[in-house]
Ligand code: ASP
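As structure tokens, one chain now follows by itself in the form predicted on its own.
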């Protein structure tokens, strides 16, 4: 198939083709202060496509992007999209055991990564035979004895010519896997097609009222789906995305926001809480920002007045979603004071409704389980048909599948939703999903730990905080700080318990299971 950018967008990569055609010299990205045009982004992505094709990448092969929020990361994402591969972005905090699982579970063929995390990915890929090639940015201090398959990112871009033909891909094909924590302890790969992701991005653009003049600030990781969608939306629009690795150094971010005249600021409650704390000590104001969007956890109503002081000219959006369909609902910003507890109505082009556990319709005001219809629904979980069947139910139309969120809501007479609670035990903290079982497995693998139980507790800043309870063997003793350090060696930062409580014994149910309700 020859490259064409004249048709309506059907595939993810066509967003970049269109933007580069319309605005070749416009700045597409500002990454840590360095500007890159749309022409440069497209040229670099197409050169990387050639490199992937030369390494035998076929339609549907998995490409893992294990990188920080950097220029190579963006190029890698679009190269994988154009090549016909299925990409997924891995949080650079991910440790060896989990990285090995992700690469093995996905059947990754090519890994694009950063040289500075070689101590994690080198031993991981040696345990995963499917990984045939590693393209790394920066410096790789020590290449394994068998260095076949290891090649520098910069060398690839300088040696390869831009690809002119792609493998045939249609909108029904899987574009990405987005791994999310599951109740089994291992992450689940959410399969998203091109058409689902294109639809979701345009729906978000519509209700956020975005245009090509936007300058979007990104401090969320690309491994987080809302971080990824900031890139997809910005490129589709032909806007400018200002990218930082994280929110670790707020003062640096604030300065960049002022310098770049940011118009859109997406974040999670943890970040907003930090900004509010700063503002109480020393006023910070960003008058150029016209949209503030919250995701991952509920935005406390008490935050709204404070955010209006920090962003005096901004519309503030409260939203709700699941990785399985990206976004489910949003509250019109004009209603944020009138309905502070609501997460709004269905996003454009979709429908939501509530059912009882028995499948009966729920009238306005009544509680029910939220179900979702729309083109943005996932294709299922990668290699998990049973778990898929729990989430995707038969719809009223032949062949249609409806997403059952398993979350309880009620709906008012205007169709706006109010979250009541979850039916699973997944913890949502700092905008990330945490499987209690995954944390429990790490704790129980520590010599001297007899039992461990992990729960989420309400936290205004984090949404939920990870709290662990442990019982130790005999006269073994640990300090809380010591256990946290051990957890950090095997878990991403956000998964490490905020507090660890030592118990003489765990409360148990009549069946002998740990009673988390008592905890």
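Positions refer to the first chain, counted from 1. None of the values given here were measured: they were computed from a predicted structure.
Absent from the display: the form predicted together with the ligand. The rest refers to it.
**Student:** Can you check whether residue 295 is within 4.5 Å of the ligand in the predicted bound form, heavy atom basis?
**Tutor:** Although the ligand is absent here, residue 295 would touch it in the predicted bound form, with heavy atoms inside 4.5 Å.
**Student:** Quick one: does residue 224 come within 4.5 Å of the ligand in the predicted bound form, counting heavy atoms only?
**Tutor:** Contact check for residue 224: yes, within 4.5 Å of the ligand in the predicted bound form.
**Student:** Report yes if any heavy atom of residue 323 sits within 4.5 Å of a heavy atom of the ligand in the predicted bound form; otherwise report no.
**Tutor:** Although the ligand is absent here, residue 323 would touch it in the predicted bound form, with heavy atoms inside 4.5 Å.
**Student:** Can you tell me whether residue 109 touches the ligand? I mean in the predicted bound form, with a 4.5 angstroms heavy atom cut-off.
**Tutor:** Taking the distances in the predicted bound form, the answer for residue 109 is no, it never comes within 4.5 Å of the ligand.
**Student:** Just give me the single entry in 428, 291, 133, 410 that has a non-hydrogen atom within 4.5 angstroms of the ligand in the predicted bound form.
**Tutor:** Spelling it out, the residue with a heavy atom inside the cut-off is 428.
**Student:** Look at the stretches 295-303, 281-289, 392-400, 120-128 and give the one with heavy atoms within 4.5 Å of the ligand in the predicted bound form.
**Tutor:** It is 295-303 that comes within 4.5 Å of the partner.
**Student:** Select from 351-381 the residues with a non-hydrogen atom within 4.5 Å of the ligand in the predicted bound form and write them out in sequence order.
**Tutor:** Not one residue comes within 4.5 Å of the partner.
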